[in-house]
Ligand code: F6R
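Given next, in structure tokens, is a single chain: the form predicted on its own.
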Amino acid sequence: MKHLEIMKSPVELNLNDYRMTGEPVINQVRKIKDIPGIFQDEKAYSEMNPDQLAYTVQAWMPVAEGTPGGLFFGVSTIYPGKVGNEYFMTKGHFHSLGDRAEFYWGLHGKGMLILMDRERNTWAEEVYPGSLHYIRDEIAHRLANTGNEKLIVGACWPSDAGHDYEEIAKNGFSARLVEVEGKPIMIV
């Protein structure tokens, strides 16, 4: 950067499909085979096409991970589908630094933001275009697509928050979001 220089942003967000482009954008793809153990119905999971796309995550991390005071920006796309009666969902995580919060906002489609505190109380918030969600500290979170089209959600989180996937991989969430009679409900 030079004094008085006018520059273009290194990242662009397409407002039609919410995909990010630019050299620093990180792209992650999660297929069914990449997320074993998160669905209750293991038989239905084993019968799924292992290459079925479950979700993608794009992230712009303009500072090094772990840098205090920085922010990261991301877009998650969860594809429609179910394993048994359980909706396609992300793995879910706590933040490594538990006192860090995060914002999610709905861009496209419909779904649920599933939340769980450290005492294992679990609840969900509806996600839809325009919904805004504040995920406070010490709250695990995951997204589930309850619709028939892609669920696209924006996110912004502190660059030093980190991701603790291990806790959820080991103990899961205390409740599940399933479809019963065509509607999403939380069950234990």
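The structure presented is a predicted model; accordingly, all values stated were derived computationally and were not measured. We number the residues from 1 along the sequence you see.
One more form of this protein exists, namely the form predicted in complex with this ligand; it is left out here, but the text below deals with it.
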* Would you check, heavy atoms only and a 4.5 Å threshold, whether Y55 touches this ligand in the predicted complex? => yes
* Asked: Taking heavy atoms only, is F88 within 4.5 angstroms of this ligand in the predicted complex?
  -> no
* Give a yes/no on whether K82 approaches this ligand to within 4.5 Å in the predicted complex, heavy atoms considered. => no
* To do: Answer for A144 alone: is it within 4.5 Å of this ligand in the predicted complex, judged on heavy atom distances?
  => no
* **this ligand in the predicted complex: contacted by all of H93, Y104 and Y165, heavy atom 4.5 Å** => yes
